[in-house]
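Given as structure tokens, the chain that follows is alone and in the form predicted alone.
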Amino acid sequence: MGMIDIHSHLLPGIDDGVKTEEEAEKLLLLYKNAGISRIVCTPHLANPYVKTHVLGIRDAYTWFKEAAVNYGIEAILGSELYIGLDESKFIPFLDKFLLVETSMLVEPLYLLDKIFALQLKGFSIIIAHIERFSWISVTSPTAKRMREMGVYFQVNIQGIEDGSAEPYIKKNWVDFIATDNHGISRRAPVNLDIFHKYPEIMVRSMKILNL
């Protein structure tokens, strides 16, 4: 069964993730050894707390995609869009899937309206690391409304390790497991074997993405 990591910051020198091509190559080897065959590169966009070298994304992705082939991995370009003041520029992956994040501490005004506006444009919305937002939970009306709207939920492997993602797993509300890989020194994916422990979620992910 193929496995995919839909959330990573592996493009060297682009955002607060991987810094060098050498570091990216080391991580690609880890992915290969874990049996992950696809990686979506999702540099931050419109995040007020992260500086992103937007003009360098295409060149960095071109290099990464070619490097990934040497490890038997398909690299796909996307973005992690911060829902805040400006949602006008983003990169959907596989033409229609849009990974989004927002404030960790406070539910933003008009969040559901902004998500709906993106859906009206034809995009399928995936909420990144749902377990990391302190303002939402499985009992939250906002979470329930998102599920009714067809919004997908992604959790980080770290959320599985520390238990914060467990309520979403028990609720059967996890559509994607991802690394949110920021490189070797920051939020490194220390246990990629977690992907293998949830085959039902892997199957769901690939079915959603039509892969």
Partner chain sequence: MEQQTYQESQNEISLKDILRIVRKRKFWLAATFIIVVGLVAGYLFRATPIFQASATLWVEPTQSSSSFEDIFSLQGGTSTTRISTEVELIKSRRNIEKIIEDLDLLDYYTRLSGAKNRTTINSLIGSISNMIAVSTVKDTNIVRISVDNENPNLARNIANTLSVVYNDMLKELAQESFTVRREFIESQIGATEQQVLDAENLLREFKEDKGIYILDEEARLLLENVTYYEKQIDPYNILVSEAESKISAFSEILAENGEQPVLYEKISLDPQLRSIRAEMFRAKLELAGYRDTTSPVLGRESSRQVELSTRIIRLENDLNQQILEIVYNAAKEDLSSYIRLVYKELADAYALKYVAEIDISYLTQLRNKYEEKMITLPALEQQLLDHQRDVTVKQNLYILLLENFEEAKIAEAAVTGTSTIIDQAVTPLSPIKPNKRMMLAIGVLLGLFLGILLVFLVEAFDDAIRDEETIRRTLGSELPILGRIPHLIYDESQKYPELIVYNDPTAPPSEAYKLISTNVLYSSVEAPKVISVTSAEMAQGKTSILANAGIAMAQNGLSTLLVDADMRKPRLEKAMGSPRSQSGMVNHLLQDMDLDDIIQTPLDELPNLKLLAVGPLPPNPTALLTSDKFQKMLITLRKKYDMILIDLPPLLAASDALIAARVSDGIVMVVRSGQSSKYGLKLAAENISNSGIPIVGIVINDITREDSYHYYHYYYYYSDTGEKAASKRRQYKSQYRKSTRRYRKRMSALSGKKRNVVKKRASVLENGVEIINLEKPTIPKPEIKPEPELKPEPAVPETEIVPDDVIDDDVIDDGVIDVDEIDDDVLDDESAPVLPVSGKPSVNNRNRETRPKVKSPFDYITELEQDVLQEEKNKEEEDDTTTE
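Numbering follows the first chain given and starts at 1. Nothing here was measured: the structure is a model prediction, and the numbers come from that model.
Another form, the form predicted in complex with its partner chain, is not on view; read the next lines as being about it.
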{"query": "One stretch from 22-30, 175-183, 161-169, 52-60 that, in the predicted complex, holds residues within 4.5 Å of its partner chain by heavy atom", "finding": "52-60"}
{"query": "Candidate from L77, I73, I83, I136 lying within 4.5 Å of its partner chain in the predicted complex - any heavy atom", "finding": "L77"}
{"query": "Contact of V69 with its partner chain in the predicted complex (heavy atom, 4.5 Å)", "finding": "no"}
{"query": "Touches its partner chain in the predicted complex: S124 (any heavy atom, 4.5 Å)", "finding": "yes"}
{"query": "Non-hydrogen atom contact L109 with its partner chain in the predicted complex at 4.5 angstroms", "finding": "no"}
{"query": "Exercise: L45 in contact with its partner chain in the predicted complex, heavy atom 4.5 Å", "finding": "yes"}
{"query": "Sequence-ordered residues of 77-95 touching its partner chain in the predicted complex, heavy atom within 4.5 Å", "finding": "L77, K89, F90, I91, P92, D95"}
